[in-house]
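For reference, the chain that follows is the form predicted alone, supplied as structure tokens.
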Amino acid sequence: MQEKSVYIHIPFCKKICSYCDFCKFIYNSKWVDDYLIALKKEIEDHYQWETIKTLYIGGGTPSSLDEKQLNNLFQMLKIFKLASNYEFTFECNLNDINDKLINVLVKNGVNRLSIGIESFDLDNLQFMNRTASFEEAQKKIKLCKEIGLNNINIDLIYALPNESIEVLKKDLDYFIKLDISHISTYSLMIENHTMLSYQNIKPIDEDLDAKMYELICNTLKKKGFIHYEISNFAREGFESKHNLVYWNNEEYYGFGLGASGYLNNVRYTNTQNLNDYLKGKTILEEEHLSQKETMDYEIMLGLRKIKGINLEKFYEKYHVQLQEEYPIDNLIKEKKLIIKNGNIFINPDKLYIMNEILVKLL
């Protein structure tokens, strides 16, 4: 039986960030308790006893739960049969980190932390409705390491309106000084139904966005980070195993409100309606994939990786040659795609126009 991965969504937050379009609610203790009962039932009804190689608790803000609720959550996760070299990631807010929380996480097998910091610039933080300070981050990351959590990711959001290259440079300097093993970077997207969309905020100039992306890539590479996926940078050996499951188009469970999963060639999305979820009406929609659709996902996700897609593995999986199935010749002539050492990947200079390349391919 093939190993699988698990994503679990905790849709509660102490406050809502202005850019966030994930499924979330302001924390309410009674709702959390009810939600955990429904989550346990969903897991027990659907988990098929495979070995789990990666487990990821995201949100929302999982660290908004109190100690009793966290222990309840971890208790229900004991159902999973974990691989010997499993990766178990827990998302948390900087402000929630204290020795009590970290001890609960370590005791329950969490071995990777993902901290949403986003920026240390006061204007940026105010714009995003967040708080963070470099001093607090230094102190809390030191605490995590002392207790035994060394595999730490932090998120950076850039390309905010009125943000300058100088502000981004400062943020990058601070992030590097924190001495962590993984950095995820996201250019601000103005999504529908977020506070920003209602304020009619417009995205920044595309050229400036591209310059910022280039600055991030160059700065982090110089500091010894490996750029392994379009938005992600890691110290050697610290690439996110869980996210690689998505980009390698492998199957995974998605449990919880608004979560997505991919099992037995079906991609599914759970309801975002809390009342429906509490009544056990979990899955909202299912997409049964043809081989061509599965291959399209493989291309779309695989080309996010800097190493791209291995042509031999693609053939083993689908019994067709990628280069015969997709119109790659012109893109190779234009040096947008490169074939080297048995892999096809986007020219590093052209990563910024990845969407344009994918449109031509698919």
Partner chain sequence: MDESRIRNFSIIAHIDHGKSTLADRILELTNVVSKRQMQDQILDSMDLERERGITIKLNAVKLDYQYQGQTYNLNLIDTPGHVDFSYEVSRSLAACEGAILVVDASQGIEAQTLANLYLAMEDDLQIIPVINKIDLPNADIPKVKKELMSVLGFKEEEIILCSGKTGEGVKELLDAVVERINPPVINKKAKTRALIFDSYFDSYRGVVLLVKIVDGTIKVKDKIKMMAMHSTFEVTEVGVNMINNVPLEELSSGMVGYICASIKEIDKVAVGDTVTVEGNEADTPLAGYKKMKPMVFSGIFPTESNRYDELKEALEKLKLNDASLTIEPETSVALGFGFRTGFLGLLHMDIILTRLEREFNLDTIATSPSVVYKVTLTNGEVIEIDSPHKMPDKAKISKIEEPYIYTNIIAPSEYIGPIMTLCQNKRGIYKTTDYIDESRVNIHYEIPLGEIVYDFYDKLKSSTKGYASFDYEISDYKESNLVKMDILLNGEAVDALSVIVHKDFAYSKGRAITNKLRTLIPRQMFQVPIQASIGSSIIARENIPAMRKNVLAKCYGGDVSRKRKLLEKQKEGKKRMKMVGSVEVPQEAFLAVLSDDE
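All values reported here derive from a predicted model rather than from experimental measurement. Numbering follows the first chain given and starts at 1.
There is another form of this protein, the form predicted in complex with the partner chain, and it is not shown here; the text below is about that form.
Of the candidates 252, 86, 238, 80, 252 is the one whose heavy atoms come within 4.5 Å of the partner chain in the predicted complex; the others do not. This chain is drawn without the partner chain; in the predicted complex, the residue among 36, 311, 300, 306 with a heavy atom within 4.5 Å of it is 300.
Listed stretches are 133-141, 170-178, 283-291, 99-107; the contact stretch with the partner chain in the predicted complex is 283-291, by a heavy atom cutoff of 4.5 Å.
Contact with the partner chain in the predicted complex, defined as a heavy atom within 4.5 Å, is made by all three of 206, 243 and 353. At least one heavy atom of residue 211 is located within 4.5 Å of the partner chain in the predicted complex. Contact annotation for residue 296: at least one heavy atom lies within 4.5 Å of the partner chain in the predicted complex.
Remark: residue 151 does not count among the residues lining the partner chain in the predicted complex, judged by a heavy atom distance of 4.5 Å or less.
When contacts are judged by a 4.5 Å heavy atom cut-off, residue 230 counts as touching the partner chain in the predicted complex.
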